[in-house]
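Single chain ahead, written as structure tokens, the form predicted alone.
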């Protein structure tokens, strides 16, 4: 046992007898109370405080809040699971999301901050001197955010169902109430400081089991180094080959994504990230353009902690899972009936296959599978009746087990037999990741409805108090819709989120990019481009996922028929948007002279100085 494992195990003795359930209740109660207190103490009455935290968030704090906002339930709960199951092909999430954030920070964020508005539709409406474009952008923001927030609510439900032993919909309701309260009370100000705390919770919760697993499997406490400088990769490749799967590190393996689909998916995630309204609006909360640049730098540092650890954790989890379950012996089978809330669900009691070289291993009960089976997220079927679980490859899946990818991060501490408080801490981190992103998305929906639609089209004389009140009611309504889709999601958490990225790629990114760098782009082009990109992408996704979204027997479209999956179709939508926008803009009158001067003033820093001077103290006045 390594020193770290000894430390983690010894810590549990401080509360000997406390189960994972008890620890989870303690952590959840403490953290949720902190979130609610921050929301109450940060409550605001003015629109500037409600929408952009009064433009007064320090760069490092905004960097932490941005990282928490951006690292959603998909990043925390699902990304390592997807990489673990997809191997090399799963790296598309890593490359797409990370590359997109760099693209946003370097290419767009400083210019959008200099523009100095509240929302992305604000930018679109002013830049394209069109209320029609503002309305379309507002609906795009609402649609994207609702798609994205459904994944977060699903993540909350999964954590609650497993670790607090309640149905998924109970967890979704609790998450709705908590995020609703601190978002309604504090607006962006309350959400920002809550996200700072949530970042601390989620990053600690993610790193501790990764470090412990790295010590156990590679002997190196740094997961990234353990993955690269140990034999864990070759061992996993050999294990995969023994079970009939492609090597874990083999790219574009049979049955996986084609090279075209990987490229399109990565591109969609990348430009979709750069177009996500809840991430963009975080740069509006800083005091100046210079502060926006520094907050982007800090966010990149914070995000890299999780994103460089996730591939290592995925490899460790895959190895641990296969070694634990393949060949496990079936001790008994319990069938739940209607009185248990389930009809015919089989609960397998398993023990390890045993290893003569490992005195801890022979006959050891695999306790963690029991609770996960009761959530329905792991199922076993000893089809050949030999009393042994077979994890070999059968048509691209495990022969006698079905495992939901979303549980990999949550189940890994239990599989590695870490202390109960570590397991509970990971569950609390998953909740923090989901709630932080959900809160940011709620505010985007609120500002789109209350500021971009209500104030601009229904009541231009509305008082500050009335505008804030409308924003708060918009959050309440959005939470209700998000809760429904959280209980009835159209796919895995990360896949649901991937759809949001595809829609953002097809709608916002092209018009923001051209709005900053091409002064000839006009309102006719932007409107046509957004409509074509969004309708094309949304229609393709709806047709390819009709069975999940509309409940029909079969999808209306084979999402591999064109060589591009539903997750990657946003790349095509983005290119369509760009082409339509450029062509229509050149065929219609140029923007007014004042708009062209506005574009130049946003892109070109005030004064004449070198680009490096933007980080100088003397440049702050210009910003």
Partner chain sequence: MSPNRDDLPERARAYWRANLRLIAVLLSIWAAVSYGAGIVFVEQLNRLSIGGLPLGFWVAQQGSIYVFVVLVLIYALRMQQLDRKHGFEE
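Since we're looking at a predicted model, the values are computed, not measured. Positions refer to the first chain, counted from 1.
This next part talks about the form predicted together with the partner chain, which is not shown.
Asks: Test of understanding: in the predicted bound form, would residue 296 fall inside 4.5 Å of the partner chain by heavy atoms?
Replies: Close contact exists here: in the predicted bound form, residue 296 approaches the partner chain to within 4.5 Å, heavy atoms only.
Asks: How about residue 376: is it within 4.5 Å of the partner chain in the predicted bound form, going by heavy atoms?
Replies: Contact check for residue 376: no, nothing within 4.5 Å of the partner chain in the predicted bound form.
Asks: Looking at the partner-bound form in the predicted bound form, is residue 90 within 4.5 Å of the partner chain by any heavy atom?
Replies: Contact with the partner chain, yes.
Asks: Using heavy atoms and a 4.5 Å limit, would one call residue 315 a contact residue for the partner chain in the predicted bound form?
Replies: Contact check for residue 315: yes, within 4.5 Å of the partner chain in the predicted bound form.
Asks: So the partner chain isn't shown here. In the predicted bound form, which residue out of 420, 311, 483, 180 has a non-hydrogen atom within 4.5 Å of it?
Replies: Going through each option in turn, the one that passes is 311.
Asks: Taking the partner chain in the predicted bound form as the reference, which of 321, 528, 185, 103 has a non-hydrogen atom within 4.5 Å?
Replies: Selected option: 103.
Asks: Counting any heavy atom within 4.5 Å as contact, can you tell me which stretch out of 513-521, 200-208, 399-407, 531-539 lines the partner chain in the predicted bound form?
Replies: Comparing against the partner chain in the predicted bound form, the contact stretch is 513-521.
Asks: Counting only non-hydrogen atoms and a 4.5 Å cut-off, give the residues of 61-99 close to the partner chain in the predicted bound form.
Replies: Contacts from 61-99: 83, 87, 88, 90, 91, 94, 95, 98, 99.
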